[in-house]
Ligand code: NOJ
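In the block that follows, a single chain appears as structure tokens, in the form predicted on its own.
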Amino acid sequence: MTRKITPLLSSLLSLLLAIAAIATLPAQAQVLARPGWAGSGVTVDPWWKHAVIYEIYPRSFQDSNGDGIGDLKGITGRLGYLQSLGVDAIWLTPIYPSPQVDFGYDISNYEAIDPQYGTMDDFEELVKEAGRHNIRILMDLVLNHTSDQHPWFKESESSLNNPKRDWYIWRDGKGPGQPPNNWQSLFGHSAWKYDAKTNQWYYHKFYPQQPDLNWRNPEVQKAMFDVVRFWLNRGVAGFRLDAIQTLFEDPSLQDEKLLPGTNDYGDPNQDDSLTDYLPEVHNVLRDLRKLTNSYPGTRVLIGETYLNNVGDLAKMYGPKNDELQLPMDTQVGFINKLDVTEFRERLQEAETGLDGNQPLLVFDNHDNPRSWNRYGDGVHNEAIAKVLATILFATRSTALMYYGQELGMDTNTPTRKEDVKDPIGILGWPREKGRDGERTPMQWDESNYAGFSTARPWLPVPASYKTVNVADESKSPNSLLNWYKQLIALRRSNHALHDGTNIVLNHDSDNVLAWIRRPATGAAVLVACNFSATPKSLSFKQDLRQNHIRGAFLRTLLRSDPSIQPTMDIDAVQLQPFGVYIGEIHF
């Protein structure tokens, strides 16, 4: 006798089969393979596609031992907070042993933990406990360069005929005291450093203490891919690839073309076309993707990609979707002004110019002043921050956020050169003040040092911590922190916001950014953001008609103005200054 399987029973059987399949995997792989939930059903998409990824700068997140520096145990102790926020994965900036010239991006050992952050046991405990909180761990992988204290470089610089000499880029100078060419470091002045012992120069795209690896040497790729295996075997869910565009340089060593003006260090501007985003980068990414794909569970590759146009960004996914899953789209989050026209264009490019691939939007990170300051007007900063959060979480993108962004932490830039810790601020002062301002300690409560540490922190806590902190904002229903929590929860539970297409509207009202999220089935959702300090009354009837969507009224899902009613006429959508409205479209 044949029994009819109902849709509900079919879904249940599929879920049980998925759970059974996962149970056959090793313990670490089970953690990585868990399906994600979308509303009342299981999504078949990879976990990273709808994820909220939270960047942690470990020095500044939570100090557990009272030395003024954040550590791994501190992060483990705050996993409950991260889970309550709705975080799916943590990206840790480098925690490897390092002389800390560039605060961890100068690595002297890729397969260990810097003692100031803890031990390998602490790391493994973090991975285990994060898994219990449904959070994955992503490592920062610095492929472009090592520290000059790394054993590889120590060998390389020891003699002209050392077997590791060609692991780095050594060249003769043009003449006595002259570097091989005019290439410049991103951190100022010549990108070449002279070694008197061997009478040659080595290349460094960043600090002199960060010599570039020679990726044209197959032994370098093998060694670095062994590093990847080391961490994958310890359960990490993927990597954020630092400075991935700069792996290769033009072997001809021609001078870069000069551009008008000078940079913050007083050097002539250059076009960097011989040292940035060379085609060979794609070969490495394809090989790296093959390696990560060979591991159980879905591992993700995120790229630090500062690219000039959407066409170049699209190439980073690979012609067969075989390179990065998530190259960072910095063209949306770093417009640095509330220009509706530009936001529309960039969001439309993310929807139509990436060959259907998943965008990864980012507004804040450890290398740039916080969005609170870049976009704020000094009066409506919190309302503007809610607008930016809405763009981050309510468009079709994976979302990357930075610790403290959800609180409205601001940039605490040093006012005196003697207070600067970041070497680029010391070198470039006063035009370049460094990156200390965006790396200050997380603000947990109003106690001494914002609850970050019992000792004076390595960077000063901004005065704003007395009111801008997790404890206070958790108690305020209208706080920025609770706005983040509501947005993330709505993104998970609402089918349209979770995986609907993104239709950017060319609305005729100035200073209003609006879009529709349309699912394959069910109600579409309208999102509208006022980019001005003037209230707006809007009609979206024509926009719905143009997109063949039937609708007469909106059922309110989330709004920044608490006075808004549960329903709203599609012809009379009210937005307060820098207000946000999210509503489900009904007929």
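None of the values given here were measured: they were computed from a predicted structure. One-based numbering along the sequence shown.
Not on display, but discussed next: the form predicted in complex with ligand NOJ.
Taken together, the three residues H145, F187 and R439 all come within 4.5 Å of ligand NOJ in the predicted bound form, as judged by their closest heavy atom.
Although the partner is absent here, E304 lies within 4.5 Å of ligand NOJ in the predicted bound form, judged by heavy atoms. Within 4.5 Å of some heavy atom of ligand NOJ in the predicted bound form lies at least one heavy atom of H366. Taking the partner from elsewhere, R491 is found to have every heavy atom lying beyond 4.5 Å of ligand NOJ in the predicted bound form. At least one heavy atom of D242 is located within 4.5 Å of ligand NOJ in the predicted bound form. Remark: of stretches 230 to 238, 131 to 139, 99 to 107, 313 to 321, the one touching ligand NOJ in the predicted bound form is 99 to 107 (heavy atom within 4.5 Å). For the options F393, F206, Y168, W483, the one in contact with ligand NOJ in the predicted bound form, meaning a heavy atom within 4.5 Å, is F206. A single residue from the set R435, H498, R346, R299 has any heavy atom within 4.5 angstroms of ligand NOJ in the predicted bound form; that residue is R435. Contacts to ligand NOJ in the predicted bound form (heavy atom within 4.5 Å) from stretch 282 to 301: none.
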